[in-house]
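To begin, one chain is listed below as structure tokens, in the form predicted alone.
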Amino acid sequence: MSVRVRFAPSPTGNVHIGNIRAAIFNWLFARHSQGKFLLRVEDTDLERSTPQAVRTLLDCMNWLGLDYDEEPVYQSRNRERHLAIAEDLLRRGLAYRENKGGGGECVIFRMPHEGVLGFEDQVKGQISKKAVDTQDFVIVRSDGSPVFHLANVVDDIDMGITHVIRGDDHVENTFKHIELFKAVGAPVPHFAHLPMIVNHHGKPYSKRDGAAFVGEFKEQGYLPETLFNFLLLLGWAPGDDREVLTRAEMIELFSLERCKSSAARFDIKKLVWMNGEYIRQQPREIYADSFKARITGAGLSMEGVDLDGIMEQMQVRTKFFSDIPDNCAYFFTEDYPYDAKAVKKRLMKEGVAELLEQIAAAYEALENFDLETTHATLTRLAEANEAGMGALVHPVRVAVSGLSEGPGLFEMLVLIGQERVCRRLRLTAQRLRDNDWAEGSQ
């Protein structure tokens, strides 16, 4: 059997991560099986399914690399086909008309009410319920419009769908859909229901918990590879300890047997870490393009600096490209801001101004300003002052960068350069003596 799966979103202007995760699982299943991944736009809600909403959907899929194999199917164009199936079900007594609420007549599908209904879920295993616990349901509204259940099943039949992979909020719908497949006389596809995405409280993940739409993650600076990989791991595991995977590895390893049936917890810290890992693994020329664009975009000049050396230090520490200017502006300008908390914690102590002047003098006297000499000098001064290295390292870092974190101190000092380092140490010492930070920092 040649695998044919589909992603069938209802375009509303935003693409929820739960929906796009279903697309990712379908895409990987198709690619692993050398089958077809199809797109069906369920645009029957004409008020919300605007051309812009459809464009947003297609842009999200393109950003994530979710290419489809045939022309998209637009459900609204299949209305006559849906209604024709409903008429056939009426003729064969498998559906009936009923007046609902005093309006026009609806078309109701007859569910079986004896025995047990069940199916083998490719993720959850055997699922069943007593037929008596099911109810007949509407397939055509009183206004003549097909209901989701009918349109969904008829389109799956016409598209030759072999596997339906979707969220587990559709489990109850599947009992209805299977009976519709049987009534139409079509083969019943295999069903696989993916676990719900939940927050850290175990509740369904929503906008209240943070970003919930693909576009929001893109705006926040997440790479498409990151979001793809992260969403894949919400309900699937490769079978070993790996978490950061290439697209080729995902395709090779993917199977429904490795999908989990329990709820998948959304861990924002893991997502941030993963974004940093993908940035760290980028080829330097790719990273350089984004790095330079962010630096120039912030109005900073790259003239006269060791750009390759700076990027070598920053790439392994970059979590988001949007953070680059704030995290390393001190390499490119003397007008860098000081972090208020770092100033208060590391600089506003008795004797720090004198210590910075002492370090500046020692650094000015060095013939060679490199990793070895800068480290040895600070070690010697720490011993002379009967202090730990931290008592010198932290004030120096804040003085020359304005920040409490960053690259290794001595790598940073060498990249900034001897003259600039000494000037910054003396300037910071002067500001401390002038009490510049008495009312806060800037």
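The numbering used is simple: start at 1 and walk along the sequence shown. Since the model is a prediction, treat every value here as computed from it, not as a measurement.
Another form, the form predicted in complex with a small molecule, is not on view; read the next lines as being about it.
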| property | result |
| --- | --- |
| Y96, Y74, F320, F148 - the one with a heavy atom within 4.5 Å of the small molecule in the predicted bound form | F148 |
| Position in contact with the small molecule when the complex is considered in the predicted bound form, options H170, R280, R81, R247, heavy atoms within 4.5 Å | H170 |
| Distance check, N14 to the small molecule in the predicted bound form, heavy atom within 4.5 Å | no |
| Contact of Q430 with the small molecule in the predicted bound form (heavy atom, 4.5 Å) | no |
| Residue contact check: N152 to the small molecule in the predicted bound form, 4.5 Å heavy atom | yes |
| Interface membership of A8, the small molecule in the predicted bound form, 4.5 Å heavy atom rule | yes |
| Triplet N19, E42 and R166 all within 4.5 Å of the small molecule in the predicted bound form via a heavy atom | yes |
